[in-house]
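A single chain comes next, written as structure tokens; it is the form predicted alone.
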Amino acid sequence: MKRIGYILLYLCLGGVALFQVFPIIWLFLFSLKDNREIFAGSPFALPSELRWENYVKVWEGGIGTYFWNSIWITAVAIILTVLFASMVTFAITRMKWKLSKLVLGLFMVGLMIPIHSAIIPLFSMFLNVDLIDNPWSIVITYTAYNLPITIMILLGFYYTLPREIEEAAIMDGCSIHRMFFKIILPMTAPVMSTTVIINMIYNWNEFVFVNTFISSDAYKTLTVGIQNFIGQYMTDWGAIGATLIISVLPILLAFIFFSNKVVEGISASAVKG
């Protein structure tokens, strides 16, 4: 009876997994069709011919530039966010100073600020400092907006760190900066991997800020660059499908290889010692 229960459980889990994977498979098949097949045939039909030229077309159409922009903007924003958030969390949880709770409260208020409410003030600020149509405006915005959630995830883990390690390091003459970079940061690697994945998903998929602050094709990311394949009179839907597959592939690979780290990091940060 117990074995039958396990079989039913795995069948249900397999059905759920198939239901979740099906959109990716459908999008992949969609990317191998032309407009005639997409509109004349069944949306669930297999392509009559595998049109790999759709991928060649989008790559030659400039998607390589958009892909590289997404990579370096996402990477730089992640590094800055995780580094600054770790510094703030270390100062709040491991150091004693009067305004630590106030500073933490100010960062947590950032979680309640809607993204769209800040577009006009940010645009005005970047315009005054000549950062409109500059990729660093995107990096700064991503870093600032991701700091609150990153700090919140790090907090629980930092509270569990034993103070004896810090005391021993200080007794050995270790400075506060060296202790942070040589001892604390390596110890927080599990929860840092969680914040990296969460930041990567947000930065990679973000559309509003890039579409608002960036106008040059040389600085656009994948989420905005895809609009170049939408014409006024004709749209190449197969090319759009190929672009979408290329854009979701890094996120899928990151989640497949690091999903366990995400769960471990969230579990570790959920317990306060």
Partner chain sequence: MKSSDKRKGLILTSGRSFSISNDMGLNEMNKVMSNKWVITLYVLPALLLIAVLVFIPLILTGYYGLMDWDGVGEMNFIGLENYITAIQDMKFWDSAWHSFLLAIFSTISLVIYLAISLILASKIKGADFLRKIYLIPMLLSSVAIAQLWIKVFNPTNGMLNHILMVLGVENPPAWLADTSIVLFAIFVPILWQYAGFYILIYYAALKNIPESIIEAARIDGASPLQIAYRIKLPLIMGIVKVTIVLAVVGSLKYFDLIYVMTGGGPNGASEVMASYMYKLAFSSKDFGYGSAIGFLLLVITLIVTIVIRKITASKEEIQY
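Superpose the two forms; the largest set of C-alphas matching within 1.5 Å is the rigid core. Positions refer to the first chain, counted from 1. As the structure is a computational prediction, the values presented were derived from the model and not from experiment.
Absent from the display: the form predicted together with its partner chain. The rest refers to it.
Contact annotation for residue 30: at least one heavy atom lies within 4.5 Å of its partner chain in the model of the complex. Taking the partner from the other structure, its partner chain in the model of the complex has a heavy atom within 4.5 Å of a heavy atom of residue 97. Using a 4.5 Å cutoff between non-hydrogen atoms, residue 26 counts as a contact of its partner chain in the model of the complex. Under a 4.5 angstroms non-hydrogen atom cutoff, its partner chain in the model of the complex has residue 198 among its neighbouring residues. Highlighted residues 21, 91 and 176: every one comes within 4.5 Å of its partner chain in the model of the complex, counting any heavy atom. Along 106 to 125, these residues reach a heavy atom to within 4.5 Å of its partner chain in the model of the complex: 106, 107, 108, 109, 110, 111, 112, 113, 114, 116, 117, 118, 119, 120, 121, 122, 125. Put the two forms on the same core and the Cα of residue 29 is off by 2 Å or more between the shown form and the other one. Positional change of residue 240 between the shown form and the other one reaches 2 Å or more at the C-alpha, relative to the superposed core.
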